[in-house]
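Presented below, as structure tokens, is a lone chain in the form predicted alone.
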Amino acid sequence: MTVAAKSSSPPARKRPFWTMERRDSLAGYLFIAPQMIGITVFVLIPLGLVFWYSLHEWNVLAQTFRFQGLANYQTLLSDPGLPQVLAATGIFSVGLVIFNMSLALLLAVLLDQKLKGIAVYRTLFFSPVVVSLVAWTIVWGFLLQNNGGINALLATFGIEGPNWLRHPTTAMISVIVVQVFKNVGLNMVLFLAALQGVPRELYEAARVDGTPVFKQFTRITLPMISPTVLLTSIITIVGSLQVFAQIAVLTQGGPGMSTTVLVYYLYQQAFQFHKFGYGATLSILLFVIVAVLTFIQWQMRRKLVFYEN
């Protein structure tokens, strides 16, 4: 009886290959495939090639490509000009981040008011973002010349303006100001969007309690927009470390090396002095700096971002 029952039982059904779980997984992989292909082709492979080139001495003019191990990294550690380049990069980045974010937040607060014609001012302050970077820099180059428009304006008030682009201090300040005015509109829009997401009930409750305006800003506004502050700080810092066109057009790294930032120094070594291997080594240094700063900022989010507390 038992044997007959066993022989008459239906055979076990084979599990189909295309289960719901596998179809969902395939759909997910297909959705992320374009992004992964882009990252692989335009980020990972170039990064690997740059590291490979940094291990070689590559002279395009002489058509030589010789493996030399870590010699370029030893040159990097003993480069007498690198400390000044890093100092100029740090000064430019710190100045740009402080002035850009402060001005962007101030403009966002002012433009968040419900006033007649406020859209015109928002468009006006954002318009430099869409202007060609090279065209913007060339115009500012004419304005900052010794006999340019800024000194002509100062002369009308009896003030003799300096040669802005030929003195180390004023040259760095000029480059920072040009970059701040160019991109402040982008951070302004991000801050403005964040401000409009803050519940108005919080401000009404604070006014009922008699909280001063400044405390409303520090106790309500800043905590509520802290995620946007973190985002804009990361974007601004990374962008400040990648500046090139403004330096190339306005100062060419001068006077001396006062405005020679790391990206422009990389360009000089690779494309002016034809030291492509050492230029690749400098690009690895830039990548490490950007990665470390971004990692530090991301790790600090629990202290800086209200929602992470």
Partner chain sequence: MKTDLSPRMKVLVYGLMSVLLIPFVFPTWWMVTSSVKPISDIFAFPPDIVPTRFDFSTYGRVFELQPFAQQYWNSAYIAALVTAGTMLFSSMAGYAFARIKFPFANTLFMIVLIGLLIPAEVTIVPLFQIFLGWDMINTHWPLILVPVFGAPSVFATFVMRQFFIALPKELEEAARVDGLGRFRIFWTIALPLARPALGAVAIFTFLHSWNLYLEPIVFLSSPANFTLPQALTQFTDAYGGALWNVQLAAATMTALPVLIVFIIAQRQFVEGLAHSGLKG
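Residue numbers count along the first chain shown, from 1. Think of the rigid core as the biggest set of C-alphas that the two forms share within 1.5 Å after superposition. These numbers were taken from a predicted model, which means no experiment stands behind them.
The protein also exists as the form predicted together with the partner chain; that form is not presented, and the subsequent description refers to it.
Residue in contact with the partner chain in the predicted complex (any heavy atom within 4.5 Å), chosen from Ser127, Gln84, Asn163, Thr169: Ser127. Checked against the partner chain in the predicted complex, the candidates Leu106, Ile173, Ala205, Ile98 yield a single residue with a heavy atom inside 4.5 Å, and that residue is Leu106. When contacts are judged by a 4.5 Å heavy atom cut-off, Trp58 counts as touching the partner chain in the predicted complex.
Contact check for Gln242: a heavy atom falls within 4.5 Å of the partner chain in the predicted complex. Using a 4.5 angstroms limit between non-hydrogen atoms, Pro34 touches the partner chain in the predicted complex.
Residue contact check for Ala88: none of its heavy atoms lie within 4.5 Å of the partner chain in the predicted complex.
Looking at 117-137, the residues that come within 4.5 Å of the partner chain in the predicted complex, counting any heavy atom, are Ile118, Tyr121, Thr123, Leu124, Phe125, Phe126, Ser127, Pro128, Val129, Val130, Val131, Ser132, Leu133, Val134, Ala135, Trp136. Residue displacement note: Thr64 has its CA displaced by at least 2 Å between the shown form and the other one (rigid core superposed). Relative to the superposed rigid core, Phe273 undergoes a CA displacement smaller than 2 Å between the shown form and the other one.
Relative to the superposed rigid core, Pro255 undergoes a CA displacement smaller than 2 Å between the shown form and the other one.
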